[in-house]
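Before any questions on how it binds or moves, here is one chain, the form predicted on its own, in structure tokens.
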């Protein structure tokens, strides 16, 4: 399957694009894919783009048949790149139990890629609530990190949103809990070991028909620190932050 992957598009949705820790695991995953496919890779920082907020006018559902009425920003360029890609990856940290604000603005503008809502009920069998307008769409991956010990409860709102937009099981979401702490501690051996999991997962994804085994999926979302150790790290971190504020 790897030889059929020609283009990979990565949208870095972190507001701190050049200092993003999430992009480190994303790059490891992509490097794993490339090692088995030799695909062309393009990274785009979302905060470098000019994207205006959705107006909620629904013109893309009625008058313009999939074309956004807002002109002059970078959405049409991004839609073209997404449709040309074999794999499209969104990479960003969890912000307040959801995606970062500018990522939400981008997601809202993707409404024109969905079919018109005509009163249909909640989707079944993993279908998108609206249905995808474009018949040829890339394989969609979301890679997201958080500062929490576990991924489950804190990601439920975000998972539900993507289930409605894309359809359950029609996308792959990879989690990286405790990642920022891991990087901040600068333990090179532990960081390398953690990133190697994502690299190996990328290789598997490329070779296994763009799928990951349940075992690999569970391995990736396993946090690098125990709950007790992580609590100590956090207590020390917030103590240091408080001390900085008093200086």
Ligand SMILES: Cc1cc2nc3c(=O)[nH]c(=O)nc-3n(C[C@H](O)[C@H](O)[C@H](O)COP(=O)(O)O)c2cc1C
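Residue numbers count along the first chain shown, from 1. Note that the structure is a prediction, hence the values are computed from the model and not measured.
The form predicted together with this ligand exists for this protein as well; it is not shown, and the discussion that follows is about that form.
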Proximity to this ligand in the predicted bound form, single hit among 94, 142, 78, 87 (heavy atom within 4.5 Å):
94
Contacting member of 111, 82, 154, 173, with respect to this ligand in the predicted bound form [4.5 Å, heavy atom]:
154
Within 4.5 Å of this ligand in the predicted bound form, counting heavy atoms only, one of 126-134, 144-152, 113-121, 70-78 shows up; tell me which.
144-152
Using a 4.5 angstroms cut-off on non-hydrogen atoms, would residue 239 count as touching this ligand in the predicted bound form?
no
May I ask you to check whether residue 190 falls inside a 4.5 Å heavy atom distance of this ligand in the predicted bound form?
no
Residue-level contact is defined here as any heavy atom of the residue lying within 4.5 Å of this ligand in the predicted bound form; does residue 180 satisfy this criterion?
yes
Considering only heavy atoms, tell me if residue 16 and this ligand come within 4.5 Å of each other in the predicted bound form.
yes
